[in-house]
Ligand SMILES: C[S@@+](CC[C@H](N)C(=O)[O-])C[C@H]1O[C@@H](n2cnc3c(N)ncnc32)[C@H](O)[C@@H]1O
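Given as structure tokens, the chain that follows is alone and in the form predicted alone.
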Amino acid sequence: MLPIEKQTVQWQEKDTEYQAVWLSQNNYAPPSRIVIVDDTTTADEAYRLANAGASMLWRGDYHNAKQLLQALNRRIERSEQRKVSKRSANQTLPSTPQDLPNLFHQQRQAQSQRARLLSRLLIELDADYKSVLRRAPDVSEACTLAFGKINDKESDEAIVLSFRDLQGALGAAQWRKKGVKIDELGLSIYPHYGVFAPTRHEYVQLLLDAPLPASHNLAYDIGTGTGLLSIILAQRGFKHIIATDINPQALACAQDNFERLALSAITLQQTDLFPTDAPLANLIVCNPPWLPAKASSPLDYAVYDPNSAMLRGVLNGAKQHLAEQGEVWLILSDLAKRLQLRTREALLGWFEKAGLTVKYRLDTTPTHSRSQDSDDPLFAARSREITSLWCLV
């Protein structure tokens, strides 16, 4: 469940003051200005309100709210396309590789702005996560799984959250039921809300192909997430695996996946990076966030690693946690290099500074949809991306 610091939001409706518990997956502050909207509100009106900084509390039909959110998204996309066209028209020379960092940051800013605008359509639920809107589905189970119980037994406060966060909770509940199929392993992984789903898993085959270290007694899985890397190591015969993560949601998710597969050789520990009071490891595996950029939401920390802090932390601590003849398997894309966010020389320099050398490297080419999308401004980098398993000793 989402760790929540209880906050409240206030608004006025029909000359009456109301208050409710405020939820935000992106940790947005409670809105200071709320406008009541319903089925008579047009998409253009909603778009103007959102751009003016107003949040909109929906009082109409549930499915009409879904349609309004889609219409808002289309207007935001058109606005973004106009900005891109204007920049292109003002550019006298074609884009060069040197432009990629700026394009990347512009794209990230646009994504962040889009998320903020779309989050301004709000929905109210009762204390048990039930909605009184026409044609509203039962969302209480999905919200309880995502957010936990917000109110205590003595409280019946209503709950307000963005319609988009509600959709996220419903989507996460479906992921949790259906799972993500990992063809290379012949099984499925079941992500929880707030835990990054392994929809890109081209690196799984690299972990299956890598020669095992001489000893298979103990492995660390740093930043386990859904637990996928630990499951691979268990299948490959490691006697004991310690999986760590700082996020309690990830640990609960990993535990769920281990129990589904009846894996008893894996111990979970909530900690930042390396386990405490543990024997030296024969193998340390880590799939850190691949891009050194600021995370704008809790889920972003699975993709963006500000100043490469996690990556460098794993490298700098690896040597003192490795047994004799132990190895580090680092799963890393070279997209940061191709976007000129980090150089290959810097990465190799971090290896050397940490007292690690490259024993071998296995590579694979991603086939995800964005690597095939020629309309993506970052296509030149994404289409050439390589994902590697670096074996360091």
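The structure displayed is predicted, hence computed values, not measured ones. One rule holds for the numbers: they count along the sequence shown, beginning at 1.
The form predicted together with this ligand is left out here; the points below concern that form.
For the three residues Leu228, Ile246 and Pro288, a heavy atom within 4.5 Å of this ligand turns up in the predicted bound form in every case. For the residues Gly168, Pro213, Pro292, Gly223, the 4.5 Å heavy atom test against this ligand in the predicted bound form is passed only by Gly223. Site annotation in the predicted bound form: the residue of Ala234, Ile123, Met310, Leu100 reaching within 4.5 Å of this ligand with a heavy atom is Met310. Residue contact with this ligand in the predicted bound form: Leu273 places a heavy atom within 4.5 Å of it. None of the heavy atoms of Trp175 is located within 4.5 Å of this ligand in the predicted bound form. Shown alone here, Leu133 lies farther than 4.5 Å from this ligand in the predicted bound form, counting heavy atoms only. Contact check for Tyr190: every heavy atom lies farther than 4.5 Å from this ligand in the predicted bound form.
Stretch-level contact check against this ligand in the predicted bound form with heavy atoms at 4.5 Å: of 100-108, 125-133, 75-83, 192-200, the positive one is 192-200. Heavy atoms closer than or equal to 4.5 Å to this ligand in the predicted bound form belong, across 292-309, to the residues Tyr301, Ala302, ordered by sequence position.
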